[in-house]
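Just one chain is shown here, as structure tokens, and it is the form predicted on its own.
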């Protein structure tokens, strides 16, 4: 059995476009998901239970159902709720909402990991609740939860492959299209796996580098 790599080189423009769109969706979905997760965690921990209860249900639903089903509901079920989203918008929204639920639990665990004595001391000094979150809890808990955040970011990059089911023309969709028209399924799928593996290795290496830099910064600030 021989591999025809010319099939890939002949379609390099489409492949690059698909890769660029995949990275864009991943970056946008992760950034929005981080913001959603932080907001949900703050509301759950520092507001009344009437606001926290619906958010707890959101987290439970998003974590308890497959990402594929969530995409179908957002894209195909959206018009029933007045949301007529494009495939790209639905993909980013789905990735952000899915990631936001997991990020919220990571942030919540980080907030709870800060020693209560430090929070109480800040209150005794007259520091407001918002300032305590910003200046006491956030800096400490970010160092603790950074590995978990990085791991979730890596997992979200793999979930982008699912977006092809709602006709988002990202890398998986492009590769599948090339394989269907040329019948070179072995070459295209192997290439797709290698690209995702390389991308994940780059993201993982960047996350580890960031962890080390943050750790060194915290050590210098404490000395």
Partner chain sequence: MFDFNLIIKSLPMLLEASVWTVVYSLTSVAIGFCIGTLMCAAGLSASRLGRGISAFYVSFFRGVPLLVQLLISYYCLPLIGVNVPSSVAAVGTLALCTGAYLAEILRGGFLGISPGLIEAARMVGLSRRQILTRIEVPLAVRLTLPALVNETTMMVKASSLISVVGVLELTRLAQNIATSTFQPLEIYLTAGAIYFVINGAITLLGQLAESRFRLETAR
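Keep in mind the model is a prediction, meaning the values are calculated, not measured. Positions refer to the first chain, counted from 1.
The form predicted together with the partner chain is left out here; the points below concern that form.
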Please identify the residue among 45, 193, 35, 27 with any heavy atom within 4.5 Å of the partner chain in the model of the complex.
193
Please check if residue 73 has a heavy atom lying within 4.5 Å of any heavy atom of the partner chain in the model of the complex.
yes
Contact label in the model of the complex: residue 201 to the partner chain, heavy atom within 4.5 Å
yes
Residue-level contact is defined here as any heavy atom of the residue lying within 4.5 Å of the partner chain in the model of the complex; does residue 98 satisfy this criterion?
yes
Although the partner isn't part of this model, could you tell me whether residue 54 comes within 4.5 Å of the partner chain in the model of the complex, counting any heavy atom of the residue?
no
If you check in the model of the complex, do 61, 69 and 164 all have a non-hydrogen atom within 4.5 Å of the partner chain?
yes
Relative to the partner chain in the model of the complex, which residues of 172-197 have a heavy atom no more than 4.5 Å away?
172, 176, 185, 186, 189, 190, 192, 193, 196, 197
